[in-house]
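One chain follows as structure tokens, the form predicted alone.
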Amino acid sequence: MNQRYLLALDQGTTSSRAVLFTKEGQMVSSAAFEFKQHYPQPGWVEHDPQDILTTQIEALRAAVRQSQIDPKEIAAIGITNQRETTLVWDRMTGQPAYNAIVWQCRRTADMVDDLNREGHADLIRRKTGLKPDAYFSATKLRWLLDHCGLQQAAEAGRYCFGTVDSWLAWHLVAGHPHVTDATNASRTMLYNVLTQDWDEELLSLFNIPRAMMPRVCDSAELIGLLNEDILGVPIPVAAIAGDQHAALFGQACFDRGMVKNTYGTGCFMLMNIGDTFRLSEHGLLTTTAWRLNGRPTYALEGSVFIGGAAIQWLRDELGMIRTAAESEQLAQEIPDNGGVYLVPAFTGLGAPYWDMYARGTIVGLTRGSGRRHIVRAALESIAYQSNDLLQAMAQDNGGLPPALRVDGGASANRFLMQFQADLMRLPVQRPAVLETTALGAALLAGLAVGLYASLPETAQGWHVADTFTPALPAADSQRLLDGWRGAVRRTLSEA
């Protein structure tokens, strides 16, 4: 039978998605299921690990059922996932020791303060490319070991640590492989991106038993076969990549200096910097973009913690909109933001500010401010924060890229994309396939099983569907940016 399809499992922060592609990169079908978010205390975010697993299996089956293809026609499956979210489970039973602690969670901020105060920041940065922050997995794992009293059993090998990719691979693949890939490992603060291995000094610093760490594999590598009871056939699971790394790959950003921005729950901008590791001088992180045949490619990364989540907040908490799509219409019903700025620092601010204690702020309200102004300010905040990242990258890289490639759910918002081009003063390119995170995972899986002969061959299906070019006068853009920077200053914890 002709195996010409690839299936991506895209496990995100608010939903689990599965997308089926042809070998040529065309989307055939997709299915997604949302799951509950848990907020046990202010600044804390958790997921039920079983919710993650069951919704992912449901999405997988639904996408294949919707396509009406024979599962035997699927050549390989790739996994891509929300990163840094931390799980611990019993190696004997597969049961989680606690809820998954989500990347957004701030519960370990005090632990990070201690690391900085004790002078460990430089060591962590030199080895991992990361800046100590509660965002990453190491302090979350330390909290789990302490809170659940697991240290002794973990040292004896009873418990597995993993990010979401590891949790899925362990439960979906025959034989329960305990694996992660180099991209997810590079987001833990425990992985040395130069040696491409778990770092003994960092494991010792956090008192993490090596016995609970997964094997680190390439981003395109055969992990094993899908459990037959899921689709009835043993399909190769042949790729793992963190969601932002998969999107960089799916956007065909294979050359140094190419940049993509994903607009999801958060916004994540990555720039390919090639095979030489170097640190940012402007508040960005250095991460493993992907690893193929044991050789890493690196990227600069900046993260916006609250991107599309700001629109969800307007919908779910404030009731200002009924659907996310309604935000575009409301924003366009007024000529400008009326001086209103929303800084959505609900879980702190990421790059380039790195302020764990910043909190959300709305500034510039007058008696004439209304719902439309706040909705527009929320949309604009996504573009402002993304522009902050691009300007930092331009400083690190010696100039702006020729264009910004965009993807993710909020990139469908034409108002946002035009405003982004106006702020950045460069073209914003939106591809025909917006599901580039899933596409990247699928292409990596195809590469692993020999469906593609080379890296460039995977990019043959990528093409631009829409280009947004700057239309706002540069002076107006600068005025808006000055207002944004003033709003951010009021938000910072040291303000």
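Only a predicted model underlies this, so the values are computations on that prediction, with no experimental measurement involved. C-alpha atoms forming the largest set that superposes within 1.5 Å between two forms make up the rigid core. The numbering used is simple: start at 1 and walk along the sequence shown.
Form predicted in complex with a small molecule: not shown, discussed below.
Every member of the trio Ile311, Leu379 and Gly408 reaches the small molecule in the model of the complex with some non-hydrogen atom inside 4.5 Å. None of the heavy atoms of Leu123 is located within 4.5 Å of the small molecule in the model of the complex. Not displayed here, the small molecule is kept clear of Leu205 by more than 4.5 Å at the level of heavy atoms in the model of the complex. Contact annotation: Thr265 falls within 4.5 Å of the small molecule in the model of the complex, judged by heavy atom distances. Leu279 falls outside the set of residues with a heavy atom inside 4.5 Å of the small molecule in the model of the complex.
Only one segment in the set 398-406, 147-155, 301-309, 106-114 has any non-hydrogen atom within 4.5 angstroms of the small molecule in the model of the complex, and it is 301-309. Scanning Asn272, Ser166, Asn413, Thr347 against the small molecule in the model of the complex with a 4.5 Å heavy atom cut-off leaves one residue, Asn413. Note on contacts: among Met320, Met258, Ala324, Ile230, the single residue with a heavy atom within 4.5 Å of the small molecule in the model of the complex is Ala324. A movement of the C-alpha atom of Ala324 reaching 2 angstroms or beyond is seen between this form and the one not shown when the two forms are aligned on their rigid core. Relative to the superposed rigid core, the position of the CA of Gly162 differs between this form and the one not shown by less than 2 Å. Annotation for Leu145: C-alpha shift under 2 angstroms between this form and the one not shown, rigid core superposed.
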